[in-house]
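The data below hold one chain only, encoded as structure tokens and taken in the form predicted on its own.
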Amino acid sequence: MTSDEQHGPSVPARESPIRQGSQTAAPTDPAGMDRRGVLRVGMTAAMAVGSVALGLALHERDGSKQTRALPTIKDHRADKPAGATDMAIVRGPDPAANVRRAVEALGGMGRFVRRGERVVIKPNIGWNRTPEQAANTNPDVVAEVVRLVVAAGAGKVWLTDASVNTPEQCFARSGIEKAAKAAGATVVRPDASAFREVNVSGKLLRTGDVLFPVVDADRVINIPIVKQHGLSLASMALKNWYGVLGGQRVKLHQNIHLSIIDLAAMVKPTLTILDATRILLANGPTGGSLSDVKQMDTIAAGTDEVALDAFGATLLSLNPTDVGFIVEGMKAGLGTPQWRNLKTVELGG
């Protein structure tokens, strides 16, 4: 685990923690907090010095106290037309062209976004890295997705992520903020006002602070990058939902595969576009060395995130069934790792 990952996201989220259903806690009542008993998970001294982010806390299970109703995130999946392609894999030297061709093979962005809808686009902007270092989604891929959503007539296009390193640095150095704004997106950085507490209702996670565009949007588009991850073996589509949470996400690593599936089941995106323009083969998720990066010039798009991750795993020379969250995603009914059994179109080299 990298030191950056240990510190968790630099997000000044408000005091509304993720609720972890597998543990109980004795009540506390510090001044200025509400009446719900909470037990703060211990922070290291390095966390206290290096980040203003709020640590995860565990809500007390106390049947004598009433828990106020929290919003849930609606199912954002679009209807599938008869005979529609399930998955498109496109290879070529131009990332934007690869995105266009992949979306067209699926039926066009109009299949996923209707005029006037509010759309949130969720890339990976977790790290203070350049595009060449392949720790974040490629900015050319992000910009093209924004342009397609705008052209489809979306009434509002948000772009957001909860960075692990300092958000201002990540959004700038990744090239994503500039590219997304130029293409027509409203960029939402993860400051204290950007989160809303929601009901997760997962096996491990009960509640959590989620970036508000994900709560308010009519449609959600996931744009993860393919990279190696030191704990989960890989970070791709399903893992990218870690980036909708505030607080110290590192605490979720205690059971990382089930946590990933809780979050993926919570969001249920409209469309996923897997960025394998450059992939990070080692020292993920942060990377840093160009020697760990491989140019793949590939985009895969579809609506089955388990299938997309299974395909992405092969690019990392992994057997999909050896990746815990892919297996758990299949068990949870989120998709199939047998991506070749889907109606798949492959274009390019």
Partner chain sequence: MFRWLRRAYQIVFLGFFLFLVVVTTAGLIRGYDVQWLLEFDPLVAVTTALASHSLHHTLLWSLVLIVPTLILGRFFCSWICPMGVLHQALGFLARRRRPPDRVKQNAPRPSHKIKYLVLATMLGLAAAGSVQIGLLDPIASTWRGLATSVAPALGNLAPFGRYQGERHFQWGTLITLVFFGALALNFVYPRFYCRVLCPLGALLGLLSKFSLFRINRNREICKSCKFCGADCQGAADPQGTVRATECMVCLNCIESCPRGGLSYRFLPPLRSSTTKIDLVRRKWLSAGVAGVVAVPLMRASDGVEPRPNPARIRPPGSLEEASFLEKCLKCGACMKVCPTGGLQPALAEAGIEGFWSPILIPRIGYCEANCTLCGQVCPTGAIEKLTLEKKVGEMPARPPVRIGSAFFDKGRCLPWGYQTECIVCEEVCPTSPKAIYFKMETVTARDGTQKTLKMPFIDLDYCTGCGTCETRCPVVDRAGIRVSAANESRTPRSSISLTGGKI
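What you see is a predicted model, and the numbers here were worked out from it, not measured in a lab. Positions refer to the first chain, counted from 1.
There is also a form predicted together with its partner chain; it is not shown, and the following applies to it.
Listed residue (230, 108, 153, 184) with a non-hydrogen atom within 4.5 angstroms of its partner chain in the predicted complex = Among 230, 108, 153, 184, a heavy atom within 4.5 Å of its partner chain in the predicted complex occurs only for 230.
Could you spot which one of 219, 189, 101, 206 gets a heavy atom to within 4.5 Å of its partner chain in the predicted complex?
-> Residue within 4.5 Å of the partner: 189.
Mind telling me which stretch in 189-197, 260-268, 140-148, 72-80 gets its heavy atoms within 4.5 Å of its partner chain in the predicted complex?
-> One stretch meets the cut-off, namely 189-197.
Report yes if any heavy atom of residue 277 sits within 4.5 Å of a heavy atom of its partner chain in the predicted complex; otherwise report no.
-> Taking the distances in the predicted complex, the answer for residue 277 is no, it never comes within 4.5 Å of its partner chain.
Evaluate residue 292 for contact with its partner chain in the predicted complex, applying a 4.5 angstroms cut-off between non-hydrogen atoms, and reply yes or no.
-> Yes, residue 292 sits close enough to its partner chain in the predicted complex that at least one of its heavy atoms falls within 4.5 Å.
Is residue 165 one of the residues lying within 4.5 Å of its partner chain in the predicted complex, judged by heavy atom distances?
-> Yes, residue 165 sits close enough to its partner chain in the predicted complex that at least one of its heavy atoms falls within 4.5 Å.
Looking at the partner-bound form in the predicted complex, is residue 128 within 4.5 Å of its partner chain by any heavy atom?
-> Yes - in the predicted complex, heavy atoms of residue 128 and its partner chain come within 4.5 Å of each other.
Using a 4.5 Å cut-off on heavy atoms, which residues of 271-301 contact its partner chain in the predicted complex?
-> Read in sequence order, the residues that approach its partner chain (within 4.5 Å, in the predicted complex) are 283, 284, 285, 286, 287, 288, 289, 292.
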